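There is one chain below, alone, in structure tokens, taken in the form predicted on its own.
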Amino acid sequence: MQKDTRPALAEKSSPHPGTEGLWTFVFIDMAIFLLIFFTFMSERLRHFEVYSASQLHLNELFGLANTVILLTSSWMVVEAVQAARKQLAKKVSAYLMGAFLLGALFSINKLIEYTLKFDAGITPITNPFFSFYFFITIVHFMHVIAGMIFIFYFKNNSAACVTSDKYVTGLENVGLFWHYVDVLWIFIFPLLYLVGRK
């Protein structure tokens, strides 16, 4: 039986996964979010009572559930990237499908939370806290939707991991973006739901 002498797709000269372009985007996007977070904390100090009272209208169980969902989906994306480097197309497809479904679960959970807020008469113009709450979480939600689109695309083209190292690099980019979305939520969850809660 002839030995497969094809080079492993994982072997590349880049010292880190993904491409420089995506790392630049993540850095810029992270800087923007940091400015938003600092502004939020500054306004919270100025209007502490309003922010503390408003925070009590948030259910931390929704935030905790979404944290677990995103952490699990990030693990699945890691496994998908590892499988792609080993040219295991079926595993790539399965892990990405799992990550996509968890992203959908996050979305459903978030939409339920928004619906409950609107039913209670809480909107982005209720007060400054909820202006920040809706703005930050909706922008993050848009990142989740974008990540889900990328994940679904690479899931549907998982067979390419056997023949194309560009697929693996692209999937690494998806993984980097998805982990970034996860890290953002890890900051958003305590900032909005937990910090200073009475």
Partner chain sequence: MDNETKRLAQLAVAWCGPVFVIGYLIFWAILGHNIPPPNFVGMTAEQLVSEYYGKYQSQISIGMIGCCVIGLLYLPWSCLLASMLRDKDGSLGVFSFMELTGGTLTAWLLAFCPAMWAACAIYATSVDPNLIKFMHSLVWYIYDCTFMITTIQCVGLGVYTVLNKEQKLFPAWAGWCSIAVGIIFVPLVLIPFVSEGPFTVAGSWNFFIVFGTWLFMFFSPYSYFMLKALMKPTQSGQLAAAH
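Positions refer to the first chain, counted from 1. None of these values were measured; they are calculated from a predicted model.
Same protein, other form: the form predicted together with its partner chain, not shown, and the subject of what follows.
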| property | result |
| --- | --- |
| Answer option from Leu71, Leu116, Ile125, Ile108, heavy atom within 4.5 Å of its partner chain in the predicted bound form | Ile125 |
| Listed residue (Ser131, Thr169, Ser54, Thr137) with a non-hydrogen atom within 4.5 angstroms of its partner chain in the predicted bound form | Ser131 |
| Contact test in the predicted bound form: Glu43 vs its partner chain, heavy atoms, 4.5 Å | yes |
| is_contact(Phe187, its partner chain) in the predicted bound form, heavy atom dist at most 4.5 Å | no |
| Contact flag, Ile36 vs its partner chain in the predicted bound form, heavy atom cut 4.5 Å | yes |
| Exercise: Ile28 in contact with its partner chain in the predicted bound form, heavy atom 4.5 Å | yes |
| Non-hydrogen atom within 4.5 Å of its partner chain in the predicted bound form for each of Val78, Gln82 and Gly98 | no |
| Interface residues of 77-93 toward its partner chain, as seen in the predicted bound form [heavy atoms, 4.5 Å] | none |
